[in-house]
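This document starts with one chain, in the form predicted on its own, laid out as structure tokens.
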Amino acid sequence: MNKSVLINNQINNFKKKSIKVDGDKSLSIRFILLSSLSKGRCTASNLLRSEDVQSTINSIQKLGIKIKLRNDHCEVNGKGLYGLKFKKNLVLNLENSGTAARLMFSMVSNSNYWVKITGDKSLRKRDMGRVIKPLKLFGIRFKKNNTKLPIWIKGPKLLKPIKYTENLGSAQCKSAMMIAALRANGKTELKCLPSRNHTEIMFKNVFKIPIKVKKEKDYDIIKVRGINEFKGFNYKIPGDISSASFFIVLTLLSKKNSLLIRNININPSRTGILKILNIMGAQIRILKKKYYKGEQIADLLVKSNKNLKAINLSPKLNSSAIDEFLLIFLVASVSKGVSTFRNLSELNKKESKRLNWGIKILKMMNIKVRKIKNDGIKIWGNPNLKLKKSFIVKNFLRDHRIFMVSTIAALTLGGNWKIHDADCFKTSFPKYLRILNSLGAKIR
């Protein structure tokens, strides 16, 4: 049954509140995967208990790894690079997680049987070709020439090291190659456009895997030497900045509010949303900054601001804010002037065609928006925007970010909203509605 929520009231004053959001999804998925390849016991606290992470856990357990869960505490007993167990006719269903599915290709690279990787209806529509192409160079076999799930994968046990240039700025593609390199007999050298660097940080600062990373013009040069076992470890996962971003924009666009969001991962490859909003006049403050096993952690203080200005965004910031663009579009819709965004084709390769949906939602709100060349858009902001009519948001392939950005629009700009697929946010942020309610949101 398709559940929906109704929002008919803007959020009231929640001045000087403080919240914590769920653990970082990228780090939670990588912890589950990489700890299973370690030799020993690994523990994590503040693990994200979302549907995407649970599907990763279910798949790793099917590969013979013991995992204990208690609330947000997780214990994984790794069995080494070659300790995963493969059975005939094995099927691993990663549900809606594109990250887990693509990285799983490398995880099962030494199977002596064909392993079937699949997902839900939304994930089966997403192209996997960007990962398959370099993984074939390692010697990993793919049945037929499918680039969409379901996909069948098979060994060999020992992979060949490769040299590869990654020109998409895809952290998933880069991470899949790095995991494959762990079982390659020799040194793998990757030349990658900058993207999220959580895997590099974990390799170096958590697992102590032999890895070298250096900058060379517009690329990151990454060298990984394979066939090196690594030991178990303890890890504390910080809050997810993508999850925090919804509350940043909620505060920014509401009236006379301030909010402290504690213990957030502010890895520079993920903080495009902060840079972009501050350019637009947000003045988000970073407090109590510290380093933890290579990652940067801090508290974020945000205050309401109705004097926001348009932005002509450099595409260089796109990759560090790729999951937050729907929120950025919403802020642009109430900013003074015309905002311009370019090179956003990657948005239409997510759970849904997010660029198209961003345009659709803005047009519903009577905001002037136009597509421009190079997969970009222009948004004519209206600082006096107040919504009064009724809005229905549905048929968005259960994309959690479309659901959540619609709730933020409803709570800050008014109108009567009915938003379908009311449980889809659980794929990434199970506590989302609970935190909104704690701030005084009235959601039925």
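One-based numbering along the sequence shown. A quick note: this is a predicted structure, and the numbers were derived from the prediction, not measured.
Quick note: we don't show the form predicted together with ligand S3P, though the next part is all about it.
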{"property": "Single option in Ser26, Ser59, Ser38, Thr407 placed near ligand S3P in the predicted complex, where near means a heavy atom within 4.5 Å", "result": "Ser26"}
{"property": "Contact assignment for ligand S3P in the predicted complex, among Ser269, Thr99, Ser304, Asn93, heavy atom within 4.5 Å", "result": "Thr99"}
{"property": "Candidate site Ser170, Ile322 and Glu346: all three near ligand S3P in the predicted complex by heavy atom within 4.5 Å", "result": "yes"}
{"property": "4.5 Å heavy atom contact, Lys154 to ligand S3P in the predicted complex", "result": "no"}
{"property": "Close approach of Arg183 to ligand S3P in the predicted complex, 4.5 Å, heavy atom", "result": "no"}
{"property": "Contact label in the predicted complex: Arg262 to ligand S3P, heavy atom within 4.5 Å", "result": "no"}
{"property": "Proximity of Lys350 to ligand S3P in the predicted complex, heavy atoms at 4.5 Å", "result": "yes"}
{"property": "Stretch from 322 to 330, 370 to 378, 277 to 285, 206 to 214 whose residues place a heavy atom within 4.5 Å of ligand S3P in the predicted complex", "result": "322 to 330"}
{"property": "Interface residues of 27 to 46 toward ligand S3P, as seen in the predicted complex [heavy atoms, 4.5 Å]", "result": "Arg30"}
